[in-house]
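First, one chain by itself: the form predicted alone, in structure tokens.
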Amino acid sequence: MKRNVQIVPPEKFANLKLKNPKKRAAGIPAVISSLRHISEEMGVWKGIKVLNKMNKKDGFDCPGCAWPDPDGKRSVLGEYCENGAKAIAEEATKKRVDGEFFEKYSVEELSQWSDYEIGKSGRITQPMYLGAGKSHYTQISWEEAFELIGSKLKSLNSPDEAVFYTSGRTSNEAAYMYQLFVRQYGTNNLPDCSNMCHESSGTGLSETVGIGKGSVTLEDLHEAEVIVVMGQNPGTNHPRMLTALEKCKKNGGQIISVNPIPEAGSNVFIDPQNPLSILKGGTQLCDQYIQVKINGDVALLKAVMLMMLEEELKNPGTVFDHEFIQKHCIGYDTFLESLQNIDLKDAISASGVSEKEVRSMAELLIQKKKIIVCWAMGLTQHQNGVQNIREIVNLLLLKGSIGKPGAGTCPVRGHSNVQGDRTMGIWEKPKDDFLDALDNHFGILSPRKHGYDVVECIKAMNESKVKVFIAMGGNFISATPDSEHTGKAMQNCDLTVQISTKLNRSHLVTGTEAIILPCLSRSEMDVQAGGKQFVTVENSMGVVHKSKGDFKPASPTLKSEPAIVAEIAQAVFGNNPVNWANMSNNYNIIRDHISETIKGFENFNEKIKNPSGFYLPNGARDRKFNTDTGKAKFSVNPIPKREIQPGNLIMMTIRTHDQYNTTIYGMQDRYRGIENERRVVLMSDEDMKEKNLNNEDVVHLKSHYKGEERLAHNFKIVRYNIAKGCIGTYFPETNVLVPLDNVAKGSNTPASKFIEVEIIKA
């Protein structure tokens, strides 16, 4: 019998307060916000001690985003942002979730809490077990937990009846051990958070330039003549990026922001570490703001390239880099023919931008040669997400703006080691040469059949094809689309296991049985039989570096992620043929194995002694395009044409400023002027007038997809400067409206940025 738990966040209001949106990011308010979160969770003095170690060369890597640290000198005051301070405050909190907590609250009762309330409960301090038909978690020993997990895995009819999910905060060492165990077990069911965010980036970039990673370094951003920021809100999601944009501006560069919503962080940046910046009111970052309508990006890029082509035809050789195109690219003639077949006015109309604004953007790109395009989920989470990325590559190839200083591709990753997880082999579609290396080195036989990605995993669980679900980090229930469907699918499992630091909704929406295995956080000291250990991570620009926690763990019973993986593996296999115990005792041994099996990590333990870490090979950065032809590929990508019913709107899901992915730090969306409420709909004044709506009117949202309807109740309208015909809502509150089958072609990423919705007045 399934428990009566709340799968989606409660449909109740808090206490909405509206203020004028901010036009400047960071500054003193960011400092005050950081100190408030630190003070509330762990006290000011401890907080300052912890922050002084974050992102330092002898410290630990921020558990937040994957933005790179400077290779050379780092700030004495601190190499972190407001988001980083909030993230570490959450993990270093004094609050505890222990046996007494679970005695007091049933899973049904906890599920009635908001995601914010659940997350604020505190650190999980001991292994917990939820028995079949039981309403409360109870304490379980580590030995009993591993025995139960091992016994269940060994009892399955097929290894493919188990799924092993991974969050992007897992270290390289833990991720490598995890995927190795899963391959030895006999499946490639390794879905991860990349499937839901930048999978379209990896697919589009791999197809065109031969590597699924960006090609730029941090220094390239400083040198760029133009940086185009598309579908991204750096002020909230990657605040340290603002410093790099500021350096670009000071070096004479210009910045174009392309987004349906104007964001404070793309406008003016006040460096909180610079008194002069505070006094001056900051640096104007954005030179051009292009308010594209949702999914109008390909149309915009085509209109811009048509204008560039006009100038190139007038003055041959002055706009396009023909030497680069001839030497390093294929498909140029076919691409050019397809571009010339597009009507400029149609492209402009489809973008939602005026011709004057498009021409202004084109004129700047015509003049400049060192161009970087940065993007995030505003481009990847569409049915045509892969094509969006390929069109960016087309633009950069025309200008020869890949593989030279100050130019290239820059997908801005989220979780701090999401890129490293993929490098370590966390992927449901591994390449044969990687599996061959594992097999030859360890004497195992890895499966070749592709496994489930996130969407496929949910479908398999719904069909009762999955009996065991194990997650190393993350909040699968709140992160995934079609929330009700996903939650019910998860409840079909026999056993669900969560390796976690904090409580979240995925601990409450479970299989018949459930286990929570509490692990160390980034900032905490990791001592194993071989002494004090460190781990490594890979940032958004392909730099692998050390992360070493120095602080007392929240509980002496916590285990590290590598230790947990090792003991699960031992419960299934013992130490044959892989010696799991040796790896968990001494992480140098893990890194030696990585050296032998993954290209670019040769002499790993020696390379990582460099305090700044080391760069992994990147063919696109060196103009060595690892495609089947050895050249970068132009591609043909049609302008998307998705018709919606008259009167309906296009919804995109977004984050608040007090949120990072599914972790909700607070109830303030400070830059947008929205406080104490998450159930809101950002809507343009024009759309509000057409629908006879006023500020704070209560509405319900109904999504439409291929005849299917999904409903989310109780949202308040907020008048906002957003492109006409578009609305913005926060996730996970509106994930329930995202259809599971509405995915990007080629990457299978849920299309959370383009949902057709009907507004129903309450």
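Residue numbers run from 1 along the displayed sequence. Given the structure is predicted, the values throughout are model-derived calculations rather than measurements.
In what follows, reference is made to the form predicted together with a small molecule, a form of this protein that is not presented.
When you look in the predicted bound form, the only residue of Asn462, Asn637, Thr243, Asn259 with a non-hydrogen atom within 4.5 Å of the small molecule is Asn259. None of Arg169, Lys213, Arg390, Arg621 but one reaches within 4.5 angstroms of the small molecule in the predicted bound form through a heavy atom, and that residue is Arg169. In the predicted bound form, at least one heavy atom of Glu561 sits within 4.5 Å of the small molecule. Within 4.5 Å of some heavy atom of the small molecule in the predicted bound form lies at least one heavy atom of Met472. Remark: Asn55 does not count among the residues lining the small molecule in the predicted bound form, judged by a heavy atom distance of 4.5 Å or less.
With a 4.5 Å cutoff on heavy atoms, Leu435 does not count as touching the small molecule in the predicted bound form; it lies far away. In plain terms, the part of the chain that comes close to the small molecule in the predicted bound form, with a heavy atom within 4.5 Å, is 659 to 667 out of 659 to 667, 327 to 335, 628 to 636, 200 to 208.
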